[in-house]
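A lone chain, given as structure tokens: the form predicted alone.
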Amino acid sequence: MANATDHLWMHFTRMASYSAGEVPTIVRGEGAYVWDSQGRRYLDGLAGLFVVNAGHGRTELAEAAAKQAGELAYFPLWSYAHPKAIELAEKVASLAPGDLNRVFFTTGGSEAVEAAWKLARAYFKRTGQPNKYKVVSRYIAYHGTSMGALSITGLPGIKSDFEPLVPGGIKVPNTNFYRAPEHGDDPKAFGRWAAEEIGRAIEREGPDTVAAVFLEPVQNSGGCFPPPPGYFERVREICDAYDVLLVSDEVICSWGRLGEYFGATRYGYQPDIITTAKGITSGYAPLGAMIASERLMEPFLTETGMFAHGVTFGGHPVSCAVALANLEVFAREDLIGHVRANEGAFRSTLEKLHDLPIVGDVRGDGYFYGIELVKDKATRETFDEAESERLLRGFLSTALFQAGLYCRADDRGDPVVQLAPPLIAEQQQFDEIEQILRGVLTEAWSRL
């Protein structure tokens, strides 16, 4: 629409890039596809933004929202409750691993991460360790944009405008095995090394100052880094040894993205806190949550105890109703089983792209993959900043969209194309993704 840039300030957008052209405007969706205002169809290869897990056009989710709005459109969770929040908290707790039974609702992922850091700090203050406030997280990892979450985030390019940030954010190496600085021929040894780097960081900072370690099951930024064998097992041991909380940031990795309700379940580790959002409602209404263990709730169960934190729309009745309807869809259609049954086909279809000279690595799990692009497959030479600018923003992003595929071409680490389709996707969509990528990447190589 011609007036899109007159008043709408889009997120993470170079607004000047639309000074001579129209903003792509998406007007409807159905299944794994969306349509723009010109009637063109696109395969949604990113589920919106890792969000629309159940697929577009689910009228039952819209009807659940309308029904709830007609009964009770809003009431806060500040010393009161409403039925849908009670029911959803019980449901989430039943699906979460171990004794993660305490559900604190937010409106999105950044708020969930913010709440988790605040809880970690408050917990240790109330249990006699007030100096434990720092957080360990990984290079290039994204954990949100609010000031606390941004301090945990490991992406310098989106932090510099807002510094100084909240103090206490400590960074350690991530699990990008393709570019492993140590043990590049042994995934298990690399995983051990990467986990020990967390322990070394805690030692450097002083164990009595570190409150939590924040990790995604599969790191998003940088292009989908799965955990090496034994990594989370060792991280859990390190956190226990130093009395540090393990926070599994599953804003993306929960609700079936990795073939389980929670990524921690897939990789067999027990966090102290899970942060989640996005797919809990499949994007039909905004909702997030921090899910905490019974141990972390205990200091706040005294007569005057209170976790002094809250947000106006956290646990909104309409959003909770949508989440419950969304989880009914998951159960009825076995979307978790669908991902497990089809993830191998998704991987093998994407791995066909290895025959292209520009494709260096294909990595991920479930319905969550990154394809790293290189200048030289043999040496794994990457593109410099100017080359990435020309390749990703100057060509790939637009060319993929024009070819009918909405996905992410990202250079926050090394250049990658990221894919996370709705969980209903199957071989037809996998083939479509591979064919579009093949054509566009082949042309990109010819332009280098």
Ligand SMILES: Cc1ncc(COP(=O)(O)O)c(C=O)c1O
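What you see is a predicted model, and the numbers here were worked out from it, not measured in a lab. Each residue number is its position in the shown sequence, starting from 1.
Quick note: we don't show the form predicted together with the ligand, though the next part is all about it.
Participant: Run the site superposition, bring the ligand over from its position in the predicted complex, and let me know if the shown form is open or blocked under the 3-atom, 2.4 Å backbone or C-beta criterion.
Facilitator: By the 2.4 Å criterion, open.
Participant: At 4.5 Å between heavy atoms, is Asn326 in contact with the ligand in the predicted complex?
Facilitator: Taking the distances in the predicted complex, the answer for Asn326 is no, it never comes within 4.5 Å of the ligand.
Participant: In the predicted complex, does Val251 have a heavy atom within 4.5 Å of the ligand?
Facilitator: Contact with the ligand, yes.
Participant: Taking heavy atoms only, is Pro317 within 4.5 angstroms of the ligand in the predicted complex?
Facilitator: It does not: once the ligand is placed as it appears in the predicted complex, Pro317 has no heavy atom within 4.5 Å of it.
Participant: Would you check, heavy atoms only and a 4.5 Å threshold, whether Ser110 touches the ligand in the predicted complex?
Facilitator: Yes, Ser110 lies within 4.5 Å of the ligand in the predicted complex.
Participant: With the partner removed from view, which of 155 to 163, 74 to 82, 139 to 147, 173 to 181 is the stretch that lies within 4.5 Å of the ligand in the predicted complex, judged by heavy atom distances?
Facilitator: In the other structure, the partner sits against 139 to 147.
Participant: Among Glu372, Asp272, Glu216, Asp365, which has at least one heavy atom within 4.5 Å of the ligand in the predicted complex?
Facilitator: Selected residue: Glu216.
Participant: For the heavy atom contacts within 4.5 Å of the ligand in the predicted complex, list the residues of 262 to 297 involved, in sequence order.
Facilitator: Counting only heavy atoms within 4.5 Å of the ligand in the predicted complex, the single contacting residue of 262 to 297 is Lys278.
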